[in-house]
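The chain below stands alone, shown as structure tokens; this is the form predicted alone.
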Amino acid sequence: MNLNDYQTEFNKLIAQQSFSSDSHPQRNNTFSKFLDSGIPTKKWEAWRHTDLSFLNKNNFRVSRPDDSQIDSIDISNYKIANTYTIIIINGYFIEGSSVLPKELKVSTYTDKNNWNPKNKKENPFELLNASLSDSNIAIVIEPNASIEKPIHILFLCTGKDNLMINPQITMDISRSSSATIIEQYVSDTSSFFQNTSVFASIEKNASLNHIRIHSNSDETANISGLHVTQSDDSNYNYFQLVDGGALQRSDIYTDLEGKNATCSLSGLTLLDKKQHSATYITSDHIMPQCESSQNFKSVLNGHSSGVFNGRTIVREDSQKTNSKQSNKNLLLSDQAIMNSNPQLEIYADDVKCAHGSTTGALDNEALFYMQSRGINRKDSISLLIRGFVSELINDIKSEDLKNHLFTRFDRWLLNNNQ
């Protein structure tokens, strides 16, 4: 697609009149900014390791409400046991898709006639999302509520057309509440482009466990922006699994705006063939006495490539900060490439901060030792890789979700250890 193609799709969306015309001025202004910036190229510092030719070589049309048909889809193929499931097909929320607890409220833009899509960063994909989004899903956990079962948001892309999907999700975790929210991205179509913006607010003494699973088909692009704000004594735990898609990029921004806030970010990337995945993180310590951690691992096979760019900012008044970063990468192929760049920006003096990064192949001495004890080479490789990734998955509290993630990992390992 070129910029004229995006202009055509924007005009179609406005003509659909599926949302309030009150948002037209804002959308036009935002789309003009997108046209001015254009799609990033490798000349852009933040995109120099990511090839976006997949988007340039393919044509996509914006999804419409009539693309959200569920009749011919077997949702049971994608469900996770013991969860509340919220179904979103081609960007549109399916009403009545699950019985939800009374403390959990879900609404869409149809409930808010004056809803205007938002963007927090002036990067091209957030501008594009704010311009083209006509699907807003708001999830609110009421004050003093504890949702025991995870809330599973299933993003399913389906159909024969190459769709461009731009949903916006807001998650409000009210004061002294706790919940687990799973975003799962799957597809039964060959090619599409999903550009998602998520805004999470965690209020005083609230807690959110947030899991993302990117398991789309091989010829898909999934780009997402995640913005998290935390108040006093709040807790945010994030984990992402990437094991599908031609192109995946996550831009994660966490703002620790309250004292004693804790933020733990982690992720596991499993790639093969020519897949590419990039994770860019900015953790901003705005108030004192906060803790943050970043722990990301990748296993790359074939001609795949990955990027980890973790940035932690400790502002001048953010004393007593405790922050650490770790990025470890395992290359199973001589053609696989990993770019790792952990960063610390520290403007306070009474802090504890550390970072580290390692990239390498399997340990030949460990392989030799295991084979000398009667374990064949294939099983030895599997044991080493499983030991490398188990730490992250074992930190998941839900046993059903943990089993689901290990099942996905075992399936990937079976296909990549022939």
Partner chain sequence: MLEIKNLHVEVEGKQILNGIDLDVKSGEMHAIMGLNGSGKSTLSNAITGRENYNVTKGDIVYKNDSIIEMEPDQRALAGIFMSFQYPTVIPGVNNTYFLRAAVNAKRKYNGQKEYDAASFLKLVKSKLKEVDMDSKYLKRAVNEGFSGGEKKRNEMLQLLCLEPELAIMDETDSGLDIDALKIISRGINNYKDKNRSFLVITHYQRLLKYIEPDVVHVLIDGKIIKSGGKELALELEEKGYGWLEQ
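Numbering follows the first chain given and starts at 1. Keep in mind that what you see is a predicted model, and the values were worked out from it rather than measured.
In what follows, reference is made to the form predicted in complex with its partner chain, a form of this protein that is not presented.
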Next on the checklist: Looking at Ala354, Ala361, Ala366, Ala46 here, can you tell me which has any non-hydrogen atom within 4.5 angstroms of its partner chain in the model of the complex?
Outcome noted: Ala366
Checklist outcome for this item: Answer key, its partner chain contact in the model of the complex at 4.5 Å (heavy atoms) among Leu52, Val62, Met370, Leu392: the residue is Met370
Checklist entry - Tell me which of 37-45, 346-354, 381-389, 22-30 has residues with heavy atoms within 4.5 angstroms of its partner chain in the model of the complex? => result 381-389
